[in-house]
Each structure stands twice: as C-alpha cells, then as structure tokens.
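The chain below stands alone and is given in structure tokens; this is the form predicted alone.
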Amino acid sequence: MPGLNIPFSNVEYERRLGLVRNDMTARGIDVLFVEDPSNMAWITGYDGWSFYVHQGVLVFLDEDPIWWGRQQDSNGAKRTVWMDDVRVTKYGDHYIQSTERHPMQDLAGLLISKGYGAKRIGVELENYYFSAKAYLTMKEELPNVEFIDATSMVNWLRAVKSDEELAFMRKAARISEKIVDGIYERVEVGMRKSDLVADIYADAIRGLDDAWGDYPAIVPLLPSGADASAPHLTWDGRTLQPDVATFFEISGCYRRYHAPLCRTIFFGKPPQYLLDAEKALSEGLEAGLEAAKAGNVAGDIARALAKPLTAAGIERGARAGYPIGISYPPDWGERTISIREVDETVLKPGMTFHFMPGLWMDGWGLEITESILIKDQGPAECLCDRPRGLFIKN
C-alpha cells in the first residue's frame, strides 16, 4: 500500500517523475541514483530523519522508483512514499558503520539483479550525503558501469514551483511572520539568547491554524554587535545588550518547505552609520524586487541591489540570494541559481528565492531579507508581509 498522508497529489508526483525522466533521457542516463533527501522527498514523498546513513531513490525510465535504505527505516518509507510497498528495499544493519563492508555493496547487488550492471548510472557526486567512499565502492562493485555526474540535476528541476508547492510555502511564510512577531514582542535587554531561541522554536514548531511547524533546515542565527560581522553564528547563554544590533535569520517550515525571513533589532538610538546602511539596503531591496521579473536574469537583481549600496560606499562580496523550497539540514537553499551579477539564469514564473543581501562588515552586521516569488507579470511577490527595515526598541 502507498504511504499515508502523502503531501501531494498523484498528478503532482507524476509531473515531477516526468521531468526527471525527460532529463535522464537527454543525458543518456539509464537509471538515476538520488541520495539528496530533498530530492528523495520531492520525487517520492519520503520523509524521515535518516539522512545520516546511506539511503537513496533509484529512478528508472520504465518503472516506478525504488526507495533503498537501512532496514529499520524501511517501514518509514512504506509510511511516506507514494509507491507500493514492493518498491521499498532495504539493507541490513550489519552494514552500518562497518569497517568490513559498505551499504553501496548492497545497492550494487540490487542494480546488477535488475540488469543495470553494465549501464549508464547517474549519481549526485557533489552532495552533502554522498561520500567519496560510497562512490569508490560503487565503482569497485560495478566495474562495467559508466557513471554520469548528475549533480544538482533534480535540484534544477525543482526550480519552478507548482501551485501545490506554493501553498506549502505560503504556510511556511505565515509561520515565519509569527516567529518574527514573537521575537519583537519578547526581546529585551538582559534576555538570554538561549531563552529567546527556546521561544523561537516554540513558535516555529507550534505554527498556527492548520500550518503546524516542521523543523527548519537551519537553526536560528542571531549574532550581535561585532559577532554580527559573521553571518553564520548561532547563540549562547549571553544576554542581549543595549546599543548593538542583533540580526535574526529564521524560517518557518511546513512539510519541509521554507520561507526564510531576516530582520535586525537595535536597542536604543542607532548610530548614523547603521541608519545610512539601512536606508541603502532598503533601497537596494526595493530595486532588486523590481528587477525580479520573469524574463530578466538573476544577475539583474544583483545589479539593481548594488547601485544604492555602492552609492553609499558599501561593497558586498557575497551573493545576494538563492532558490528555496523543500529542504533538509544542513541547508535550506536549493544549491542551483545564485543572485549575483555573473549569473545569467533566466527568471521564470514560479521560481522562489531567499533575496538575502546581508551586510557583514567589520564590527557590525545588518540583515533585512525577503522570500520572493517570481510572478507571471510585474515585480516579485514577497511571501512574508512584515515591515522592511531596522527594528528599533527602547
């Protein structure tokens, strides 16, 4: 029996599988092995905290996909994938963290048994979840196979979101708004950051109305003062202090779909340099949103953003955003398009991005961001609806 409570319709999964098979045919791939959990979920619906062991989905041109993974996770697959139970296969626990054998030996045996021992197999070589040892073992066990680098192949197919996906992202956006509202309501000088993060998680997981909260792919980030010059610091037990800026990078998550939102809070009277930076960044965001139109390219957004920042004497070295959607730890980006001046990827209706032009300067930082949707016509839509600027609290 197919799993219970499948997130999407059968038509949606058929659409996705068709996209994958078309790309496989174009690349000359006979079978595709997908180990990225976001891609696994996007193709089959599989959802479980099992991506710390080897697992994956085999996509064929002429039969339903096969989920392959650890034996104790196979019941989870049967509960969450849209395929029949016979399409769920497993390897024994004696493969786990063994120095004598590797799970890819089991996968190789499965591929040989199905007649793919001398075919063209696509693998996601540049991937958090597919190790060098896994690839070397597959090559050793399948000497007659031609391996094709299918890095980010499925990620690119996820770029344009369906209406069903956008409905999930809008729910995630409502949760993001709730988190930001809760931060502003509760935050005060002397509050421990660890206590604030506990409240953030409570809002994120409780969600609201029919949008219960899932765990986000990235933990809350909230550095203050000089620490805010680094974009990826988390929290500790120190208290919030007056006269420094603290940025908050968070995301609501609904059924693995994200809508990140960043804002910055200052206790007291902000210094002029921070107000000047806020003004330039807000102008850049507005200009970038206007440039985020179907038919333009990703670089157009970056170029529009850069003009007011450059005029204010602010030089950014980082990209200004990336695609978002379904994701698992450690990253909620899709690892394809980048909002930077050299990226000439054409923007299409249904693409979604975290427009993320954070300022990480010597001694301070400022983050004001939006999750955006490329529309059929006109500028991008912001999925969240909260004031775009520096939050000041006395």
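Everything numeric in this text was worked out from a predicted model, so none of it was measured. The first residue of the sequence shown is number 1, and the count goes up from there.
There is another form of the same protein, the form predicted together with another copy of the chain; it is not shown, and what comes next is about it.
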Based on heavy atom distances of at most 4.5 Å to another copy of the chain in the predicted complex, which listed stretch, 271-279, 130-138, 161-169, 301-309, is the contact stretch? 130-138
Classify Asn5 as contacting or not contacting another copy of the chain in the predicted complex by the rule of any non-hydrogen atom within 4.5 angstroms, answering yes or no. yes
I'd like to know if Gly48 sits close to another copy of the chain in the predicted complex, meaning any non-hydrogen atom pair within 4.5 angstroms. yes
With a cut-off of 4.5 Å between heavy atoms, is Asp85 one of the residues that contacts another copy of the chain in the predicted complex? no
In the predicted complex, does His102 have a heavy atom within 4.5 Å of another copy of the chain? yes
Considering another copy of the chain in the predicted complex, which of Leu208, Ile148, Ile314, Val297 comes within 4.5 Å of it through any heavy atom? Leu208
Which residue, Asp106, Glu283, Asp227, Glu290, has a heavy atom that falls within 4.5 Å of another copy of the chain in the predicted complex? Asp227
Looking at another copy of the chain in the predicted complex, which residues in 189-207 have at least one heavy atom within 4.5 Å of it? Arg192, Ser194, Asp195, Val197, Ala198, Asp199, Tyr201, Ala202, Ile205, Arg206
